[in-house]
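Shown below, as structure tokens, is a lone chain in the form predicted on its own; questions about how it binds or moves come after it.
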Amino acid sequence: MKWSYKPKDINQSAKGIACCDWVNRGCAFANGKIFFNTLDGKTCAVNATNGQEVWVTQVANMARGESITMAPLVVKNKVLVGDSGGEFGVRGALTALDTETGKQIWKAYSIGPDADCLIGPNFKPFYPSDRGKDLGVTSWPPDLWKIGGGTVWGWISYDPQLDLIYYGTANPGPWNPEQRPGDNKWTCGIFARRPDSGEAVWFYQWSPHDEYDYDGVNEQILVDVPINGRMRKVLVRAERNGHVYVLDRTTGEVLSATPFVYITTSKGVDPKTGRLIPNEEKSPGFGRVVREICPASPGAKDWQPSAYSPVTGLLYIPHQNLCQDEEGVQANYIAGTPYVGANVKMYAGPGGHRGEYDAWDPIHARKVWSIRERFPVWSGTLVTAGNVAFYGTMEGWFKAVNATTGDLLWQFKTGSGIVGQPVTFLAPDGKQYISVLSGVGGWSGAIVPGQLDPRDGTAALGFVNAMGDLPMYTTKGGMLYTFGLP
């Protein structure tokens, strides 16, 4: 070990307000510094050479139920940081900090008046339903936008040519949709913003009036590909509502939206309006149990990042195959406490397997091949120019498959389930290596480190019902594995 840094004065009570395990999704390097976030709402900058602290800034307010689990992104000397806490009635936002001082440069709220959301005259959404004044207020019941969620705990992408950042906003609160009629903007969607000022340029809502905690925080893959014979700057995204979207990233227009899992909660996406078409028969609410909600609340794919190969032209999607039963109940807001309003039990979807790893053709909007796994594929994935794709399983297998055919090339059993993301690098010895962290956890794996009782199917917001057998296949972990490539 060359150096180690531990932030001072970490508030341990943050563990009590973290919705879905004590997680951290990574760090960033820029200007000779490492930037990372802490669960109790701090952003830290340390010297990458010696580990000395440069600055620490408090970004989130734990008293309101806010925490931070996301990995920051550095764009043009700005550290971009979002918050977590959609299950605690928080008000989500993205904050930009100066890389050298840690001072706040701008803050864009996900909901509320246009001024708070940094929406001005240059905001030009593609679809009429996203146009209008102060929709972050008027699409909510009175004052509920103040505790409406829309956190920013996922991934951010940057296009330097268009000078736009792209990021998703999470679920509205509470889960029970009958308590918040309306589209609930600007939750469960995606913003395009200018990194210098935070000014919003366009927005698209994946799931208006999100009824199932589908969120909208997944990663954005930015590629230039031919669509219908015309080269387009697109944003490709496998969304929790079960569709793979291809958007024009200059305007927010939906070019295609195609199911990649079994879906009962919607009937497709309207090509004219861009809106998801809800299946009202599966709408949850007070005092009734709705069964076979597919995909379940973690979505067809949650935060685990997919990968794109310019060699094969395919998108590689690690995801789950889950459905759920849900009953809506009354949610009452008390600052810093859970604000959910739903009883949920998840279970395996069609076929009985709980996870898949897919190769998807974004140009022709079709699945090319798929690998079934016993548990949700909760790890990120990586694909190399050597035509090999890597991913991990919750039993702890680290796998390499042929990126063209999906054939298994190699696998290694690590000490714990893998929910981290593989990375490849060229070392000083001139060799290429692959590294991955092994250590089960997160929402899907909470039953193991949390030692939850599998007889309580509602534990971990209903995920335990689908993962009761996971402790039979893996155990607690926390180890970095590195493999050399020939």
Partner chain sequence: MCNVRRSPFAVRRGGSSASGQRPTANLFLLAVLLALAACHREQRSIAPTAISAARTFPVRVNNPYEGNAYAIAEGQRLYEQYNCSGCHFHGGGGIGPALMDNEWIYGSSPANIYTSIAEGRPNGMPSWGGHIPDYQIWELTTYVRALGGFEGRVATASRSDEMEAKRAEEPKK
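Residue numbers count along the first chain shown, from 1. Note that the structure is predicted; figures quoted are calculated from it, not measured.
We do not show the form predicted in complex with its partner chain, though everything after this point is about it.
Every residue in the set R291, N343 and A460 has a non-hydrogen atom no more than 4.5 Å from its partner chain in the predicted complex. Of the candidates L437, L452, A28, V56, L452 is the one whose heavy atoms come within 4.5 Å of its partner chain in the predicted complex; the others do not. Across the options 103-111, 150-158, 265-273, 319-327, residues that bring heavy atoms within 4.5 Å of its partner chain in the predicted complex belong to 319-327. At a distance threshold of 4.5 angstroms between non-hydrogen atoms, Y333 is in contact with its partner chain in the predicted complex. Residue contact check for G396: none of its heavy atoms lie within 4.5 Å of its partner chain in the predicted complex. Interface residue remark: A63 is counted as part of the site for its partner chain in the predicted complex, having a heavy atom within 4.5 Å. In the predicted complex, no heavy atom of Y391 sits within 4.5 Å of its partner chain.
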